[in-house]
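First comes one chain, alone, set out as structure tokens in the form predicted on its own.
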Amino acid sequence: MKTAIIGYGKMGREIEQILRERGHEVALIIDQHNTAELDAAHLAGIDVALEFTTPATAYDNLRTCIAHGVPVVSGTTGWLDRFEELKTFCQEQQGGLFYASNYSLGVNLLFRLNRRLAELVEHSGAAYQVEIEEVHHTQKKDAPSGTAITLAEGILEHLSSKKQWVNFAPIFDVAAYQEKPRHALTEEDLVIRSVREGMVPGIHEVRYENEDESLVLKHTIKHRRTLAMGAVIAAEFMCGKQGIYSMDDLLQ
């Protein structure tokens, strides 16, 4: 498989290492210094591109790959307000797009458990308050995380007492982040608490609590390699494919 890596930060480097270990060719690497090379000439012959960049650049990167007939795997979060637009473009171009907010197998199992738990709580009629907390390294450029949003959407889909999620970012240890303005919470708000500290790859918790008990779903990423491995497996899955896919398609 002949691949392109778009975004050569920590994740991109992990992806490169795994691609080479699995016998794939890394024919093109795009970072902030050579963005002009993401064009038809340099993408010619590429089987799959893996895109892990920034919310500001992801949409254009993905659109470029699709426009030039290259299936693309992306895990960039923070730009999904344009996801439907990109899906439409991909369908028009008969392109290939694989998107996941998180490529960890454990996290994707957590997504399924989370949806099922919300469904069970709804049917039980139990009086629980539910919150989500996500912890990431200080270099993460968006809050809440895409994974936390996916968890929130799974809860909102099944738990009728919650109508929308609200992000609180109470603990940041870099000046670039500011706490978001708070509003008066209602019982219909699903709180996502975002924490940025140290070099934490990612911790996500869903907590159901009342005055008598606490029920917690938790996933901790120990090393970024698990995310990179999932992305490479997704790229292998996408080789030669058209259409729009997710981790649910891969797991099935």
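Residue indices: 1-based, along the sequence shown. Note that the structure is a prediction, hence the values are computed from the model and not measured.
Not on display, but discussed next: the form predicted together with a small molecule.
Engineer: Is the small molecule in the model of the complex close enough to Phe111, Arg115 and Ile149 that every residue in that trio has a heavy atom within 4.5 angstroms of it?
Structural biologist: Contact check failed for every one of Phe111, Arg115 and Ile149.
Engineer: So, Asp31 and the small molecule: in the model of the complex, are they within 4.5 Å at any heavy atom pair?
Structural biologist: Output for Asp31 is yes: heavy atoms within 4.5 Å of the small molecule.
Engineer: Given that the small molecule is not shown alongside this chain, does Asn61 nevertheless sit within 4.5 Å of it in the model of the complex, heavy atom to heavy atom?
Structural biologist: Output for Asn61 is yes: heavy atoms within 4.5 Å of the small molecule.
Engineer: Looking in the model of the complex, any heavy atom of Met11 within 4.5 Å of the small molecule?
Structural biologist: Met11: yes, in contact with the small molecule in the model of the complex.
Engineer: Wondering, does Thr220 line up within 4.5 Å of the small molecule in the model of the complex on heavy atoms?
Structural biologist: Outside the cut-off, so no.
Engineer: Considering Leu227, Ile192, Ile66, Ile46, which brings a non-hydrogen atom within 4.5 Å of the small molecule in the model of the complex?
Structural biologist: Answer to the contact question: Leu227.
Engineer: Which among 96-104, 151-159, 82-90, 127-135 is in contact with the small molecule in the model of the complex, heavy atoms within 4.5 angstroms?
Structural biologist: Selected stretch: 96-104.
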